[in-house]
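Just the one chain here, laid out as structure tokens, in the form predicted alone.
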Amino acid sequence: MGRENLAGEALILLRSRLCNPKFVFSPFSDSADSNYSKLKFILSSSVTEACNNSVLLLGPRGCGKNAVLELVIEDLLKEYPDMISVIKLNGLLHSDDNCAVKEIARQLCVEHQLLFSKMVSFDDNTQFMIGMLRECGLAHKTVMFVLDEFDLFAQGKQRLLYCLLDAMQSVTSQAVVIGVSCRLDADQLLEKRVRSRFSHRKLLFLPPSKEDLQRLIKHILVLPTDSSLPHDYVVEFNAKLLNILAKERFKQIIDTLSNSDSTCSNLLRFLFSAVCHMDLKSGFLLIENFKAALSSIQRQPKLEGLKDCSILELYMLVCMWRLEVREQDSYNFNSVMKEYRSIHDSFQTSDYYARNVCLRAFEHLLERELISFMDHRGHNQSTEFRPAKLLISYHELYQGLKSYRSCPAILQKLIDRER
């Protein structure tokens, strides 16, 4: 096989891994303390011991809550194929109680090959749901209700949650309610009557640590020796990859990535982009591929907007930043001009422009939305007197000046001094 063919086959293998949550999260399912093990124990005991349960999966978006839940349900369906029925709802689609109960009735009808009518009322659908829970309980079948965006179901009168949890108080019913939410206080949103029927089991999902990120990267990118790829190519590919992972430059890339977003979903996007940048001619992953991936997923419109600014506009931004550092509650164009003159007088810069030119630069920054007015009530007031504010952070401004080819050295010194 040619080197490009080998690289193409390796590329397909790595992409398939990145798109397979079961493979990605398998390293975290080995430990007994993992959320995978805890959730599987809760759900499997509910099935085998015929007990009702409710649990909340809480954590920031992209931490793998739904991925781990899907893995657990998939494993349980293999172990108990005729003892589990899964009903899935999403708060973005079914937060309305009537809509949610109708969707539950529809999925139960599909599951048990029954006819479903769209014209049935909320009360009739509720009675049908309670009756089906009773029948499933008598048949030793557990109904698992997965409520994604759980906090949205806790709005309004919470009739759905009350009906579900109240029906689970019956000895004959057999069900589990699994709520998934990025709000850590989701259980506090429940009404007293609903909270009293809730099991108060919660699993907290956190972004992986730096050590876990390194372990995950190695797990995903190291090629298996028992694949269809030639052994020599696999050994060389893995050796070059491990060499990259050990480099300080690569660790800096991962630190930059995790500082902005350390979730698993962001890491997978980063790795997928790095794999797609792989050079098929060489057949190996290079440090440049990871650099390109980092820049591609960290596109920042504010930073890109700075690249097209004039030198004068950069001066305006730095002046505004210096005013904000001094904790001035309110400043306008006149305040910025005073700061601009102060810089010119102190350092005798050659970049000094007339007031009307500076005003046009100020208005240009407003159009680019790099700055804005503090409020929109003073439409009749002159631009020079309306309070303004920066819309970019210090980090964005610092990086923008650093990457600007002809940026005056004085601006770099000024912003470094204010750090």
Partner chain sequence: MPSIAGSKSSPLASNAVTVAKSGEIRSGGDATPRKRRLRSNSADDDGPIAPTPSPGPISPTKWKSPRRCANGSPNLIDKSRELLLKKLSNSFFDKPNWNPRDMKQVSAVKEALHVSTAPYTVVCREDEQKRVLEFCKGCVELEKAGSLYVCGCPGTGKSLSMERVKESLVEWAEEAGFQAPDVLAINCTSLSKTSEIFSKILGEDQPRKKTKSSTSPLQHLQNLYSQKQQSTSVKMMLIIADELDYLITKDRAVLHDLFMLTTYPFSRCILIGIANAIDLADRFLPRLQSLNCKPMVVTFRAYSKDQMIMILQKRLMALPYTVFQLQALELCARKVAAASGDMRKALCICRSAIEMLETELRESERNLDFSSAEFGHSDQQSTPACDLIKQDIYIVRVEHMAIALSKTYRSPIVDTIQSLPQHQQIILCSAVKLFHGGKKDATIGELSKSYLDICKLLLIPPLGIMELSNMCRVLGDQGLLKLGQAREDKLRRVTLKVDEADIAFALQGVRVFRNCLHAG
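Source: prediction; values computed, not measured. What we label the rigid core is the largest C-alpha set whose atoms superpose within 1.5 Å from one form to the other. Residue numbers count along the first chain shown, from 1.
We do not show the form predicted in complex with the partner chain, though everything after this point is about it.
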Looking in the predicted bound form, is the partner chain within 4.5 Å of a heavy atom from each of Y36, D75 and K141? no
Contact label in the predicted bound form: K202 to the partner chain, heavy atom within 4.5 Å: yes
I'd like to know if I220 sits close to the partner chain in the predicted bound form, meaning any non-hydrogen atom pair within 4.5 angstroms. no
Considering only heavy atoms, tell me if P207 and the partner chain come within 4.5 Å of each other in the predicted bound form. yes
Looking at the partner-bound form in the predicted bound form, is K402 within 4.5 Å of the partner chain by any heavy atom? no
Listed residue that, although the partner chain is not shown, lies within 4.5 Å of it in the predicted bound form (heavy atoms), from R134, R215, K291, R183: R183
Please tell me which of D166, E236, E111, E79 lies within 4.5 Å of the partner chain in the predicted bound form, judged by heavy atoms. D166
Region of this chain that lies against the partner chain in the predicted bound form, out of 242 to 250, 151 to 159, 228 to 236, 79 to 87 [heavy atom, 4.5 Å]: 151 to 159
Just give me the residues of 226 to 264, first to last, that have a heavy atom within 4.5 Å of the partner chain in the predicted bound form. S258, N259, S260, D261, S262
S393: after superposing the rigid core, is there a C-alpha shift of 2 Å or more between this form and the one not shown? yes
Does V68 show a Cα shift reaching 2 Å between this form and the one not shown after rigid-core superposition? no
Threshold 2 Å Cα movement between this form and the one not shown at L370, rigid core reference: yes
